[in-house]
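There is one chain below, alone, in structure tokens, taken in the form predicted on its own.
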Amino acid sequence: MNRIPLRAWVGLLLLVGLGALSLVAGRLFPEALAHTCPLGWDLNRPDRSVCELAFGGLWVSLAVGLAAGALSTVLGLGVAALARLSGGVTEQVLLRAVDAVFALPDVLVVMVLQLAGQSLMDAGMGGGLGPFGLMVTSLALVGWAGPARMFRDRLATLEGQEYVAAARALGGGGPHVLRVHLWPMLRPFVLAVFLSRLPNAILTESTVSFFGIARMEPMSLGRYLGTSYAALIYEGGGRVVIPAWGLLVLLVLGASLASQALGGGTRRQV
């Protein structure tokens, strides 16, 4: 029986704790938080507290990471399954496409997609995406290649197992083998890959928002830090900037610990 490593539990508890904190403090009771915040008020908008910005930003950053991680994982899984079911030339073409997308720099591509998407939205052709949907779509479009490559390699390894060969010898087709025999073994790995996408998605969104490229509103942690330069100049920045930096570091740390530990555990299973 495989045990989930302690650091995976630490990472998962950190993620769940931050999610619950952002839900309670940033979404359910922001007014109560505003009147009890020990960090004072935002210099740019005196009607909102630093705590509202920090925990509200945490909620947005976590939501972007979860949505983008889930979408890129589903896209990668779909491409990997199509590649293994097709085989031959089609699989090689798909793998070359995966390699081409994987080689692109995430931050620069997301910046370009953000600027192009915002131009379309300004022209009334955004399709109702909005800033949140545009960011999630941009992150997923650059983030599916890594999961696709990992899922394809894992499927190829699992297909070499004896019980899969026996299922094929008994007449099981590709979709049947994938659904009945491979998917149960692949599910823990899917969770690990999904969690591994969270840090990258959160950091990419934070970087793009920090430089003012994305119009994230309400503000994510990255956008919040990018608009806090006045506090850095006039107050030294500690009161306003350190809480957001701390929450961002804890968020990325939780996702990284959980994904690394679960990824190691799933590798030992095969």
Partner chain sequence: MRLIATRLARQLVLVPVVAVASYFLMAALPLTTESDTKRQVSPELAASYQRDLGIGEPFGILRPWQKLFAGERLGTSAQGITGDELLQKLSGSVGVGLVALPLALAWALGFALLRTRWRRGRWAVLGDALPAIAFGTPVFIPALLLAPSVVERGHLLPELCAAVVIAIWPGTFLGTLVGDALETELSRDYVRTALSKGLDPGTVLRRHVLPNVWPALLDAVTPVATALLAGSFAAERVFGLPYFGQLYVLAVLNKQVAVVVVSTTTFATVLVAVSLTVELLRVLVDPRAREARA
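As the structure is a prediction and not an experimental result, all values here were calculated from the model. Positions refer to the first chain, counted from 1.
Another form, the form predicted in complex with its partner chain, is not on view; read the next lines as being about it.
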| property | result |
| --- | --- |
| Residue contact check: Gly87 to its partner chain in the predicted complex, 4.5 Å heavy atom | no |
| Leu82 within 4.5 Å of its partner chain in the predicted complex, heavy atoms | no |
| Partner contact for Leu248 in the predicted complex: its partner chain, 4.5 angstroms, heavy atom | yes |
| Arg187: touches its partner chain in the predicted complex, heavy atom cutoff 4.5 angstroms | no |
| Contact at Leu14, His35 and Cys37 by its partner chain in the predicted complex, all three, heavy atom at most 4.5 Å | no |
| Partner-facing stretch of 24-32, 66-74, 49-57, 206-214, counted where any non-hydrogen atom is within 4.5 angstroms of its partner chain in the predicted complex | 206-214 |
| Among the candidates Leu129, Val112, Val93, Ala165, the residue which, in the predicted complex, approaches its partner chain to within 4.5 Å (heavy atoms) | Val112 |
| Heavy atom contacts to its partner chain in the predicted complex at 4.5 Å, residues of 52-77 in sequence order | none |
